[in-house]
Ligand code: GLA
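Next up is one chain by itself, shown in structure tokens, the form predicted on its own.
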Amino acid sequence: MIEQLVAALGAADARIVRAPGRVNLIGEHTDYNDGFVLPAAISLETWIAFVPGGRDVELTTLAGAQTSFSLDAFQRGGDWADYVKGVAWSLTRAGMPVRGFRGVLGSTLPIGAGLSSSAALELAAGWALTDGSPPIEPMQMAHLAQRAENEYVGVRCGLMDQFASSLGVAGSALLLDCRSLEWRSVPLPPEVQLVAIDSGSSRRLESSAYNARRSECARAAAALGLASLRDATPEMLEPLQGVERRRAQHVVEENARVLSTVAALEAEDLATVGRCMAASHASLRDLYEVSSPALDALVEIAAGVDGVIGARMTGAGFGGCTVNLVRREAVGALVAAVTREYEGRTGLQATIHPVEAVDGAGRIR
């Protein structure tokens, strides 16, 4: 990939920055409820090779898409370039010095699969716009990238994706308290591998569906007299009815599952990890109603493979990917089972990505 980017740019002395995507091991739809999440940055990444200079940005993808704009005057275009422009806008609004560049963009992250390709693009763009040496801490860069997506692009995402892409730790998941922003790395057992499986069904997460879930949680919290569902307990949910009850129950129980998963990983209790992942998927399917038949099929197939510790949908849902925690010697069996069964059950073709947990965004040359 690096050689391709440098050749396409035509600059042997190009600077290169990278930013990873992420899987969320557990803790779904808890981030915007001030809860706990457990993502990991993964070895599917976005790179930008660039030559800095001036006030203009000229960026071309390896696939041939192009954008160009001046840092002194630009506007939304309704396409992928808005993520780059949004980061420029966010950095400038925060008083950070930005610089134009001529660059080439490449990525191994599938688009629309729920592996945070947008966050990876934002973080890579942030590093390129600051000449490969941002004058800010990684958490602040994550916040500015989130602000770009929230206020410039117009997607009301939580912080988790940008946090994981910015602060990833090789070999580890990251426990983040989305209220206090305290976090720590949680080492993954060396005998297991993360496997992301793209269902082949692109996420149909219209902004209205995502925002509806947020609104339902907000209504549930207000009905309980709480600022957010982070403060709710199972006993407090009794007055709630219907959809608000289901959403709140998922959030309360999912927060508990995150903490149980962390404790189990640290105790090397992989059986408990698997149970927590299975319960998380069932809750997302039945209570939060963001799974899909394709995702359910992938989870069911994985559950029948010896050596698969846990499987669940990852990301916001309505299509996209599952995350699987698999003993390394069983990865081949999982690949074979999905290849053998999935298309016949769904009519779709899955793409299987064995990945490693990697460090967060940075300059590599």
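Note that residue numbering begins at 1 and tracks the sequence as displayed. These numbers come from a predicted model, not from an experiment.
One more form of this protein exists, namely the form predicted in complex with the named molecule; it is left out here, but the text below deals with it.
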Interface segment, criterion being heavy atoms within 4.5 Å of the named molecule in the model of the complex, picked from 103 to 111, 132 to 140, 86 to 94, 155 to 163: 155 to 163
Heavy atom within 4.5 Å of the named molecule in the model of the complex - residue from Trp80, Trp183, Phe74, Tyr210: Tyr210
Exercise: Gly27 in contact with the named molecule in the model of the complex, heavy atom 4.5 Å: yes
Proximity of Ala316 to the named molecule in the model of the complex, heavy atoms at 4.5 Å: yes
Any non-hydrogen atom of Phe69 within 4.5 angstroms of the named molecule in the model of the complex: no
The named molecule contact at Asp31 in the model of the complex, heavy atom, 4.5 Å: yes
